[in-house]
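Next up is one chain by itself, shown in structure tokens, the form predicted alone.
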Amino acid sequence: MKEDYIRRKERWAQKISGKELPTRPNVGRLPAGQHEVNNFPVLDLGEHPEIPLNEWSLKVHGKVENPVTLNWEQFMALPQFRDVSDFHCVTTWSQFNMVFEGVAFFTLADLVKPKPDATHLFFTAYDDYTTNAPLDACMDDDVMIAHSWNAKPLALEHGGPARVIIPKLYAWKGAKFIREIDFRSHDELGFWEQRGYSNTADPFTEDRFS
């Protein structure tokens, strides 16, 4: 496990230094049951909470040594990270080479310093949507809190001003309109997980439903 974590952080360090690995060929990238699209469909709970930037905040707390609540200015003052990743929606569409920019999850983790007993994350959004993920799944080179897509501020319908991006999981795990990240020593099901969706959400095993 330690060696895997080191490899992930090495990949992230390569990216953040500008030494990104070449884009992967499309062959083998499309999970079973998915079809490729070139647009960005909108799927949510039907609410688009408009949060002025001067009122936005991100609370990161729980099983951490240094809990923080960041306003927009503080969030944007953190090291910025640009990455190219694939996006897989449980409704069977995928898009390759999505260009997101924001704050890497590694940066947040280094800031708050998870305690040894932190094993899971619980995300809460401004529309009260919730979801969960193992901490290990987010300690990866492509996970971030994104504020931009294709070099433009993330649109409201896509979760702006900031949303979670976890490319290796189905997209419902990446909460839009993010306002709170709670590090926990236990797992708790989120909105869709309580309604029959998979708790692990691996696109490459078609892990859609529980």
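One rule holds for the numbers: they count along the sequence shown, beginning at 1. What you see is a predicted model; the values in this text were computed from it and never measured.
The same protein has a further form, the form predicted together with a small molecule, not shown here; the description that follows concerns it.
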Quiz item: Taking heavy atoms and a 4.5 Å cut-off, does Asp83 contact the small molecule in the predicted bound form?
Solution: no
Exercise. Answer yes if any heavy atom of Val143 is within 4.5 Å of a heavy atom of the small molecule in the predicted bound form; otherwise answer no.
Key: no
Quiz item: Is Ala125 close enough to the small molecule in the predicted bound form to count, meaning some heavy atom within 4.5 Å?
Solution: yes
Quiz item: Would His147 sit within 4.5 Å of the small molecule in the predicted bound form, counting heavy atoms only?
Solution: no
Quiz prompt | Partner-contacting position among Phe96, Phe106, Tyr129, Phe75 - heavy atom within 4.5 Å of the small molecule in the predicted bound form | solution = Tyr129
Practice problem: Heavy atom within 4.5 Å of the small molecule in the predicted bound form: which of Leu53, Val42, Val68, Val37 fits that? Just give me the one. | Solution: Val42
Quiz item: Which one, 53 to 61, 154 to 162, 28 to 36, 181 to 189, holds residues whose non-hydrogen atoms are within 4.5 Å of the small molecule in the predicted bound form?
Solution: 154 to 162
